[in-house]
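Take a look at this single chain in structure tokens; it is the form predicted on its own.
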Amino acid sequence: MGSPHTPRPFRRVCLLTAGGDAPGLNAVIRAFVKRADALGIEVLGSEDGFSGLMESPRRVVPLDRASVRGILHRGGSILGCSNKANPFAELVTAADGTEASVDASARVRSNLDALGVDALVLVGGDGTMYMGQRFVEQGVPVIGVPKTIDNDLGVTDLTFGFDTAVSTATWAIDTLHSTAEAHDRVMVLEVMGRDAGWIALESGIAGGGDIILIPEIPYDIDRVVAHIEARAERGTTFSLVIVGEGAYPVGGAPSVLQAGREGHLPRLGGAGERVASLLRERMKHDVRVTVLGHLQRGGSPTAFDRVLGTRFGVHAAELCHRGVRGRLVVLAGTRVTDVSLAEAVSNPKRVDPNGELARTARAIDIELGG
């Protein structure tokens, strides 16, 4: 893996796209490979996140200019993604059927050494960067590129994929608006974001939502009901309620479909139906629920995400050429730069309940539930 003390250009690197997919992944891969090729760096790709480096036989493929041609506009990742393959908590089943988590990081390091890889390039979210920092502590040179539609990494102003997710959610709100008005209904739209309310808040403002419920502000359902009833009294007999998947009522907890385990987060879901059920108990309006789900992850990335992903990929390749390690590419204002991975994993980003964006929503009569 090279000396940990003397920076030198990395000549062969392995890139993978871990966690859930996000629009713009292929833009990162394309830009990284093209810039790396120009800098004399050979690029390998691990298929399905860490899975390609954990399984036997390995699933690692060469990446060159030909392999990234024509992928800029495509959603998903040509390498595939996995939010289940955690090299520090691999789920194994014993002969008696019991399951346990084991540390498979030594196997990953062994495979990197066997491949003659100088550095690992990780494209992923906060969980992936936490894994990356653990590899750094084991002596593996790592460069990170932030990827999450949730926009919840505190060290970067934006992550690619977020703009596309917000645009998709905004389109859904626009579409629901006409049918809600036609039938005098309360339409509840559940959007992604896990513990961060950025998608819900920004799409809700952009789409003209009437109520926006986010994880950072536990909601009082009576306030939501009062807002809907006040609109009805003014002659507006429909309402649009945008619910982040991690939102929950005062004194409650987020709705979970599947419990988490070591190294893996719980699977959230049901927040929208929970809000709808509470509303139906308290008023006579016809309430319907739409769960936008993975539509926010898929499809062609927006121009903004294509450009941001391209900028991130170029900067990551140039960090590899400089031989630096333990760094994460970030957007600071309008400038692409980099920070330490250790800083990245210790600073999640959440919506400030009293910040400018929340104040803007309240100023235009959007109810935030608390």
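Position 1 is the first residue in the sequence shown; the rest follow in order. These numbers come from a predicted model, not from an experiment.
The following text describes the form predicted in complex with 6-O-phosphono-beta-D-fructofuranose (F6P), which does not appear among the structures shown.
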Listed range touching 6-O-phosphono-beta-D-fructofuranose (F6P), judged in the predicted complex by heavy atoms within 4.5 Å, from 200 to 208, 146 to 154, 72 to 80, 226 to 234: 146 to 154
6-O-phosphono-beta-D-fructofuranose (F6P) contact at H183 in the predicted complex, heavy atom, 4.5 Å: no
6-O-phosphono-beta-D-fructofuranose (F6P) contact at M192 in the predicted complex, heavy atom, 4.5 Å: yes
H294, heavy atom within 4.5 angstroms of 6-O-phosphono-beta-D-fructofuranose (F6P) in the predicted complex: yes
Close approach of R288 to 6-O-phosphono-beta-D-fructofuranose (F6P) in the predicted complex, 4.5 Å, heavy atom: no
Any residue of 210 to 247 that, in the predicted complex, places a heavy atom within 4.5 Å of 6-O-phosphono-beta-D-fructofuranose (F6P): E245
